[in-house]
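This document opens with one chain alone, in structure tokens, the form predicted alone.
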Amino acid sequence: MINEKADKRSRKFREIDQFDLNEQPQYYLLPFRFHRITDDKEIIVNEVGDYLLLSNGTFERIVKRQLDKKKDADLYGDLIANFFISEEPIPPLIDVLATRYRTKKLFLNYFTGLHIFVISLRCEHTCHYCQVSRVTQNKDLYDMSIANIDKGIDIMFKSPNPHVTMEFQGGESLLAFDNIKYAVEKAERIAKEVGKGLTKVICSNLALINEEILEYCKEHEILISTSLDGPQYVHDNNRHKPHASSYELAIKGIELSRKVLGHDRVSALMTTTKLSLDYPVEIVDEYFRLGFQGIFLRNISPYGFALRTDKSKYETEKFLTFYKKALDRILEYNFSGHYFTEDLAKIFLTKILTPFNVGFVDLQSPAGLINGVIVFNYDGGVYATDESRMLAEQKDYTFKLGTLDDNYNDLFFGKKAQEIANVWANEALSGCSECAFQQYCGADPVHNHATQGDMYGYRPNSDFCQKNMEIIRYLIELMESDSRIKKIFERWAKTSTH
């Protein structure tokens, strides 16, 4: 039963003399967030990603306005200069802050840049972690038709982005190389007519690559992207090819591609499986030995067929242990005078240390799906991301935007796109909206749906959140504890903006 006396007291208005209406605060708080980063340190981060590392308890003193301008002169000056507090209700340099915020969101000015064409579902590998189904026969059924290629190209050039990328994926894309040639030549003609920039990328396991294909790629300035999971015993176990070593074919393909196209025209991407977790140093060493300038330590994606086998499943904490050991090895190479990066760290560090963002679709807010990437499937389906397409392989069409027969507005601004847009900004998601690392992270409705059953997601048990928060925290801890590491990280961030 409610205490009537207490209820009346709690609802009674105080007398006006209880308020000092003439008292002005010593300073005003601007938007920023807080996180305890180590046992004795905490971090505050503002709306444009500037951060200050402070002794525990300082955050509370700031928000309670307990700082003294003279006694805490250095801290007070840093807070003013970095837009954490202001001595006026509206900071004198508010326009500077607004410009910096616009710079962080500049990617929204251009809209969709990456257009993925799933040119064929056929593949001659049987990778146990493959995220889509694989077929080896029926070219007519599993290759993208010329009609669908035409429709995809037409949609691609409707993008307001002045520079578009068409990326050919599979299956194994080279099994439909004639269709790639048709698509490339048609897209080049249209790009010239409309005055757009055009980048072309072929994603391939390189088992089928030859000099004839590469000479065509050289003539048409096509980039090559392949998969390399590490040393032979890791790669061959992860990426099985019947009656052959997928590793030997990949290495031979990389070497031939570099010879014809040039060293920097060939990139490689690894996937961390359960087997990979035992070989962080060896995997990094393999990339370094082969002359790559960096490696992307990529965890397994929880989509499609990838997690049907125990060979691919592992806890996020085990990946983080793997990641830190691999990063330590990468830093050893840098301490020895080599430039060798970890690309996930490089993305985070660009957001942390520069005024700029990065066009990596998994770490943007609003999210990169639709805004940055779109997928045209071999069968004419249009999906918000490549991961969305992988879900569809298991009959989950949550992120299917429509088909290539739909018009541009219906695909990009229709009912499904609007549904996704409700949950693609981490500034508006509980758990993210108050997170200190919000500006460094992103929103991923597809991951939320795949792992938690709805697009909105629940941060306390999100492995996406767990992984990103710990890596960001660890990167900041490293560079704040070792000036050598900070210089290395600053160089990584600087080179990613050029």
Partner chain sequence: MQYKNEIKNDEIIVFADTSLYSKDSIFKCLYWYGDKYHTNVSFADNNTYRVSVKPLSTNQLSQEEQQYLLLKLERDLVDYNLRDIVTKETQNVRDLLIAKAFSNGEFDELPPGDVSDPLGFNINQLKND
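Residue numbers count along the first chain shown, from 1. Please read these numbers as outputs of a predicted model, since none were measured by experiment.
Not pictured, yet referred to below: the form predicted together with its partner chain.
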K69, heavy atom within 4.5 angstroms of its partner chain in the predicted complex = no
query = Counting only non-hydrogen atoms and a 4.5 angstroms cut-off, does E47 reach its partner chain in the predicted complex?
reply = yes
request  = Using a 4.5 Å heavy atom cut-off, state whether N461 contacts its partner chain in the predicted complex.
outcome  = yes
message = Within 4.5 Å, heavy atoms only: does L277 come near its partner chain in the predicted complex?
response = no
Check all three, I90, K105 and E434, heavy atom within 4.5 Å of its partner chain in the predicted complex = yes
note = The stretch from 253 to 261, 227 to 235, 93 to 101, 143 to 151 that lies within 4.5 Å of its partner chain in the predicted complex, judged by heavy atoms, is 93 to 101
request  = Using heavy atoms only and a 4.5 Å cut-off, determine which of R473, K41, K467, R33 is in contact with its partner chain in the predicted complex.
outcome  = R33
